[in-house]
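Taking the form predicted on its own, here's one chain by itself in structure tokens.
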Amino acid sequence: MDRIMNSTAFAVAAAVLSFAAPAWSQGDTSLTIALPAEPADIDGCNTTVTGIGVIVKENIVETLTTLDPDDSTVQPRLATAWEDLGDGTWRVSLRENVTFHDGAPFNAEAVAFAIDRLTSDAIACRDRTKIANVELTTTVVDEHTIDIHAEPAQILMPTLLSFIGAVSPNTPADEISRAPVGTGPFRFESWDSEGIAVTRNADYWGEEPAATDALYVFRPESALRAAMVELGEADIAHDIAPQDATTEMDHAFLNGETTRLRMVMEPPLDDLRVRKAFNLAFDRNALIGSILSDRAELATQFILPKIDGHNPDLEPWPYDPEQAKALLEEARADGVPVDKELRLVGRIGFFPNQEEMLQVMQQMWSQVGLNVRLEMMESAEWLKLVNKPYPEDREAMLIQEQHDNNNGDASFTMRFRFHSDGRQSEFSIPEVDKLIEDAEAATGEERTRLFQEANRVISEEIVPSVYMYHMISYMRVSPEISYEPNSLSLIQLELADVTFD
């Protein structure tokens, strides 16, 4: 066994050392960060996408507000104050003496441009999903004051501002960028075969970060990323697998993501008994501490327990394969095509051990007679299946999704995923629509109660999903630096939070 382990370690070490060193000389205050996958873009209007936000958000492109990772309270960033004027309009005061990396002034006109670009149909900005079904219009009051009007009115406008990245007004309005220009503490430098390089912004309005520059490199193998830190080739290894988190350098954190399988409710998944059978035949506890971290938590809904609107009375599905078989037999007797082969679609790169997890689930379902074929997809193809307008020939299937909601309120999940006009909703049920609409218009305890009831109806009566886990990530951090990951670190790793020991 020792010989095998030593051979594996040698192979990983050799692979690390075989990569060329960065093109510039790395000093004591340079960082190298190993990420699992290279993003398709790093546009400032895609900062809520995990593989993009971890590079861009609050490093290159800053948002108007930011959220506290512990309790999701809203904190100032480029906006310093905000006031509800009523009738859906908020007056936002902007930070003064701030310039973009290209020299353009940060002002109300620039914010109006960023909002217009974010909400335009000319490009597919994915941060727009956070403000789905909300129309935003702007009025410039003066150089550092802007009125933002929302239709319908948004009581959570300060939180919405945390999804609005301020990109330079010189940014093309009709194409996604691979060279973002923002106001952040780091400037985009280059994107080539070495990786994505950023360098410290000497004109930054805030406190100067300790790091002078950073290089993001992309290594799909978890063990390789971890070994790079151990061998001094990287300072941070992002999102490593539980089996590779074996040293004091490894930090576990609840990352804000919840994963589920969404069911496309065509035959046989249009039958409630079949949807229940998929849940009953999945032994959720078997994967915790084996394929997944022993700190992963069972999910009963698509939002975290800390989010307003989470229903604490919902229980995880029990593992009951005999009941699953009985439901399937009953449905089969009624002519439901329960033996039909169904696609189980996963998106490559969600998290370590993802494909192995789906394979185990596939085996569990086969034991009760469900016929599931696993298919892993790249992001671009996967997105065609999950966003409206859906393909006309879209048949019954199960689609793995991962969703982060660190925003303090269920509204950032519920309409988009479960309302009839939601871009990723699979059903249209008036009762659910009304609960969501009433909750969005309510405040305080009534808002909480309505969202909790919507989650109850969805989880217990409709059963459109196989809820899985609130996810744990591991990050390996070099002893040469100080950085403590938090609930936002999977999608927002601020280089300014890194110090050198």
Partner chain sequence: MNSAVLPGEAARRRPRPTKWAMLALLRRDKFALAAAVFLVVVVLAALVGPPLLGGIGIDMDLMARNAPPFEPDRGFWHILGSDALGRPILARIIIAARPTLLIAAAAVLLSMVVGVLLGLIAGYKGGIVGDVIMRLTDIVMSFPSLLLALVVLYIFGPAITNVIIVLAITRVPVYLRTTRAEVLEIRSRMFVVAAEVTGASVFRTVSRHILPMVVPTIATLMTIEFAFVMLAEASLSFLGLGVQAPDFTWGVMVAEGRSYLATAWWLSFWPGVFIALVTMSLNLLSNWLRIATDPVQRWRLEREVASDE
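C-alpha atoms forming the largest set that superposes within 1.5 Å between two forms make up the rigid core. Numbering follows the first chain given and starts at 1. These numbers come from a predicted model, not from an experiment.
The form predicted together with its partner chain exists for this protein as well; it is not shown, and the discussion that follows is about that form.
- Look at 350-358, 68-76, 202-210, 87-95: in the model of the complex, residues with non-hydrogen atoms within 4.5 angstroms of its partner chain sit in 350-358.
- Mapping the unseen interface onto this chain, residue 333 falls outside it, with no heavy atom inside 4.5 Å of its partner chain in the model of the complex.
- Interface membership of residue 381, defined by any non-hydrogen atom within 4.5 Å of its partner chain in the model of the complex, is confirmed.
- Residue 244 belongs to the set of residues with a heavy atom inside 4.5 Å of its partner chain in the model of the complex.
- In the model of the complex, its partner chain lies within 4.5 Å of some heavy atom of residue 374.
- Contact with its partner chain in the model of the complex, defined as a heavy atom within 4.5 Å, is made by none of 280, 314 and 420.
- For the residues 286, 81, 141, 429, the 4.5 Å heavy atom test against its partner chain in the model of the complex is passed only by 286.
- This chain is drawn without its partner chain; in the model of the complex, the residue among 327, 264, 136, 291 with a heavy atom within 4.5 Å of it is 291.
- Once the rigid core is overlaid between the shown form and the other one, residue 352 counts among the residues whose Cα shifts by 2 Å or more.
- In the core-superposed comparison between the shown form and the other one, the C-alpha atom of residue 251 has shifted by less than 2 angstroms.
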